[in-house]
Each structure stands twice: as C-alpha cells, then as structure tokens.
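Shown below, as structure tokens, is a lone chain in the form predicted on its own; questions about how it binds or moves come after it.
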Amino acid sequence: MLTAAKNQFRVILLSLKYNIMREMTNRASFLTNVLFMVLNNATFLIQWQLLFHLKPEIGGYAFHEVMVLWGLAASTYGFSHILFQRAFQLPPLILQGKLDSFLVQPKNILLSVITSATNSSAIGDLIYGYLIIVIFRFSIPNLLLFTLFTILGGLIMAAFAVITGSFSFWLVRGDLLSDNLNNVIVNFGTYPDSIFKSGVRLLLYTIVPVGFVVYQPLHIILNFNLTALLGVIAFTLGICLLAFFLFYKGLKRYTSSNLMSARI
C-alpha cells in the first residue's frame, strides 16, 4: 500500500511538471500571468491599509493579522489551483461526458482528472502568500505552520470542489451550484470571521469549510494550539475521504459521450 501511495505521489508530481511545462510554452505570457497576479493581490494591501488608517481595528483584527489572513487565502487558493485545477472544472467534464480518456488509464481516476491541468496565474497567488507571511509575521515556526496550512487548506479547497462538482452526476445544472459554493470560500475567506454573525460563522465552519481553510489556521499561527491543529488535520482527512466516496459513488451514474480523445 505504501508503494502504491508513493507511485501515485510520483504521478502527481509528474503531472504537475508537465502541466507547468505546457503553460511555459509561451514564457512571456506565463511570467506575465504570475507577475500580474502578485500585483493584483498587492492592490488589496493598499485598500486595507487605507481602511485601518480610518479605524485601528476591524472585528478585533489588527492590520498585520488581516494581512496574514489574506496571505493564507492567497496561498491555499494558489496551491489548490496549481496542483488540482481540474477539481474546479469537474462539472463540465461530467455533464459533457468527457471523463472517458481518464477511465481507461491504469491510475487513480479522480487524481488523474483533478491533476490534469494547472492554473499558471495561481503561482502568483502562492508567491504572494509567502511574501505576506515573510513581511508581516516571519519566524521559522510561523513559516512552517504557514506551509502546512497552505497544503491542508489547498487540499480542503480541492476536496470541497470535488464534492460540489460530483453533484453533477445527479443534478443537470450542478455546475451552477458548484461554482457558487466554491466562490463562497474565496469571497468569505478574505474577511475577518468576527465580522459575521454566529449563524453565518457556523455555516462557514460546516457547510462551506472556510473556517478550516483560513480562519482556524490564522488563529493557530497567532496563538498556537495543538488541539486546534489536530482538528484541522482531522477535518482535512475527513473531507478528502468524503470527496473520494462521492466521486466514485457518482461515477457509477456517469454516461459517456462516446468521443474519442486522448491525453498527452
């Protein structure tokens, strides 16, 4: 089993390598996408700085704490879209019957699908996240925690995208539901959780797991709590298992488009 996991991990790395090589066919475009994404994220830093000039704290958060929140949101988004871009494009593949080429491969079907593409601009998000943690909260323990939460948060985002995308096995317009729910994580994850009422906060820790992607990791970086850390790890494992279960459950209902295509 350990050998199989090792081989699958190697396949994921190879997929990432070739996806990035494909994106770098036009290096000027690739580098421009990365650079402009870093600059785009940096504009929000100016926006928050202006807000904190008007008010010393927002929802109990100081400026540097909101910046770390943004760094986590950017890095988790970047990690998930660099490695698992197709997780966020799952509904069209299901609804249009385009999973055929993945079904005949001697690899894990779900991992083959979600690692078959990358988003080059997401590299800029990942870089921006690390710039933020280095500038506003740098220490070796914080950097290690930030890296761990980037990976865990990215896995949660990808797993959640698979779960919502798998609804398309049962729903005709499951793509709309999937897109809206995935956008909730992105939109809510860049604002302090304390500004939301208790009902909304409960929703963000359950139905839409924003809390485990950015809020809880932020609290752990600011005030380390081993129990909370183990909770995030446990949640990550649980949602990943649920994603695999729902995808393969839905795959039994999949209808091929009978299109002949190949992955290169």
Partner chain sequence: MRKYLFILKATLMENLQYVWNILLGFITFFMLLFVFMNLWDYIYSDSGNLISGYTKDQMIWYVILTEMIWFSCRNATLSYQISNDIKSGSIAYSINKPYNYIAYIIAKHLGEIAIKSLLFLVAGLIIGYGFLGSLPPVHLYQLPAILVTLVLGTFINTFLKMSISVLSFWIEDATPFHWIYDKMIIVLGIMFPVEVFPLWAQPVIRATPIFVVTYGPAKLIIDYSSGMAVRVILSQLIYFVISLSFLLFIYQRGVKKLNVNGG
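Residue numbers count along the first chain shown, from 1. Predicted, not measured: the structure shown is a model, and the values here were computed from it.
There is another form of this protein, the form predicted together with the partner chain, and it is not shown here; the text below is about that form.
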task = Although the partner chain is absent from this view, report whether L145 comes within 4.5 Å of it in the model of the complex, heavy atoms only.
result = no
ask   = For F44, is any heavy atom within 4.5 Å of the partner chain in the model of the complex, or not?
value = yes
request  = Although the partner chain is absent from this view, report whether F88 comes within 4.5 Å of it in the model of the complex, heavy atoms only.
outcome  = no
query = According to a 4.5 angstroms non-hydrogen atom cut-off, is I135 in contact with the partner chain in the model of the complex?
reply = no
ask   = Quick one: which of 89-97, 137-145, 169-177, 150-158 gets within 4.5 Å of the partner chain in the model of the complex, going by heavy atoms?
value = 169-177
message = For a quick test of understanding: in the model of the complex, does each of N19, R22 and I233 have a heavy atom within 4.5 Å of the partner chain?
response = no
ask   = Which listed residue (A117, V184, L111, L131) meets the criterion of a heavy atom within 4.5 Å of the partner chain in the model of the complex?
value = V184
query = Going through 57-86 from first to last, which residues have a non-hydrogen atom within 4.5 Å of the partner chain in the model of the complex?
reply = E57, I58, G59, G60
